[in-house]
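Starting off, we have a lone chain in the form predicted alone, written out as structure tokens.
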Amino acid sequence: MTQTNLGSTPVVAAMRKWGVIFLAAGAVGLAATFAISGQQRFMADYLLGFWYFAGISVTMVFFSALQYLTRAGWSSAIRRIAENFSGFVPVIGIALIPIVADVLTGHGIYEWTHESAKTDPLLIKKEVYLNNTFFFVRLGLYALLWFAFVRYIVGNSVKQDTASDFRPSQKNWKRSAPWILLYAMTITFASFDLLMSLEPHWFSTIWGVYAFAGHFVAAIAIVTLATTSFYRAGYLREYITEEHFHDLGKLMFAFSVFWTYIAFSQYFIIWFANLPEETIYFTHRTQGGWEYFGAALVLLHFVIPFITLLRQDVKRKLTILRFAAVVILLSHFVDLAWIIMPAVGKVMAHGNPDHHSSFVFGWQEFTGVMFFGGVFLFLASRLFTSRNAVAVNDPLLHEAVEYTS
């Protein structure tokens, strides 16, 4: 069989090199943002990069657990690629420290932590949930559960490589269901706490599904880029067939449509009800320059992936798959910027004569994504070095090798 540990290959070497470059450039950029634009914009950019890659990393583990739950044979050839991109999950607890520090200052990006919240009737009612102590406990719980998620699901997957029987996989077949439920709950409440609470007067009961849909399609896009890169370089060709690329294309297509369905459902219900406390969220994001981001989302997150991946034959063409994956990753960035920056822009503009508009977007907004993108790639390169890129002893691997239409 072909080489399965790809740590010494040019693809992983490039991943490591660009990880270090992005990490260093992003760190310098974040420091410059703090020095030039202050704490609030620094934290907005930090949160943007953190949630982009934290959400994707945790969702990579969800993807693995989902394959075990369904006992999918086709994905056993690519499942380890997703698992190796979960290296950022164990350090999420450390990455949350600046967010905790920002909350403790009392004048950061979260309006509910400000002194003015103590006299706001609505925020007083929400204080039982939106208070520092409970907020920190929840963040710690997310980090702990996600760490356990990686340890047990990915840990058993790796153990299977050298096991003399199939017990590690059998354990995952049983444990994946409760872990997927925990993922659903934690990704939902984490999106409430880290994103939706930026505007504590507004809420959406569909928010958790919206966050999941964006992370899942972005995670599949990264798996697609990695898989096609290895395949183009001549690796894993005895494990990966055209059908795997076809299925990755189908997943990107389906979840681009799913994200659009959820996004439109959220917007349509709020538009139809026309309640001031609900419409304020979209009213703010359809004026002052933010309307262009909304239009870009329609184009990048739906129209281009839909048109590109609609035909069956194009899902087997690597160049087209890679183009669609890049567009999806760009659209995920635009989506999170459209969520985070208008909220923080309002906080920055409040009582500050230097900010006449809540439109805040520039080179600074790329620094957090570069920094965490570098961390994400560097940690993934380490896992590709220490582990196989294919679950070589998986009991269902033969189904992937023989996978044809």
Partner chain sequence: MSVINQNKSVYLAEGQELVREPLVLGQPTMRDITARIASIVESKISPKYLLTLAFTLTMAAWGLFALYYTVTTGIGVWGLNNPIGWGWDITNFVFWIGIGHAGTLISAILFLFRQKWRTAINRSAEAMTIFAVICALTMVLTHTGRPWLFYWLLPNPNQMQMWINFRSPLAWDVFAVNTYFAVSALFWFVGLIPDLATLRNYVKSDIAKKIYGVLSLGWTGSTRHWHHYEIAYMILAGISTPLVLSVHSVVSFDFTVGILPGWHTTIFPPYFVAGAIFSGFGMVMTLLVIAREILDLKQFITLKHLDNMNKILLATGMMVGYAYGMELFIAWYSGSDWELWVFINRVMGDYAWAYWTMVLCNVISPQVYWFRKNRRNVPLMFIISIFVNIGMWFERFTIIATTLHHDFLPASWGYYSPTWVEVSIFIGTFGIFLSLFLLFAKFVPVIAIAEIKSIMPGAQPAHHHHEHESAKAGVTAH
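Numbering follows the first chain given and starts at 1. Computed from a predicted structure; not experimentally measured.
There is another form of this protein, the form predicted in complex with its partner chain, and it is not shown here; the text below is about that form.
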is_contact(residue 119, its partner chain) in the model of the complex, heavy atom dist at most 4.5 Å:
no
Would residue 73 count as a contact of its partner chain in the model of the complex, using a 4.5 angstroms cut-off between non-hydrogen atoms?
yes
Is there a heavy atom of residue 396 lying 4.5 Å or less from a heavy atom of its partner chain in the model of the complex?
yes
Give a yes or no for residue 234: in the model of the complex, does one of its heavy atoms lie within 4.5 Å of a heavy atom belonging to its partner chain?
no
Using a 4.5 Å heavy atom cut-off, which stretch among 320-328, 166-174, 151-159, 80-88 contacts its partner chain in the model of the complex?
166-174
If the cut-off is 4.5 angstroms on heavy atoms, which of these, 196, 95, 145, 296, is the one near its partner chain in the model of the complex?
196
Considering 275, 100, 137, 307, which brings a non-hydrogen atom within 4.5 Å of its partner chain in the model of the complex?
275
Are all three residues 192, 264 and 269 in contact with its partner chain in the model of the complex, where contact means a non-hydrogen atom within 4.5 Å?
yes
Quick one: name the residues from 121-153 with any non-hydrogen atom within 4.5 angstroms of its partner chain in the model of the complex.
122, 125, 126, 128, 129, 130
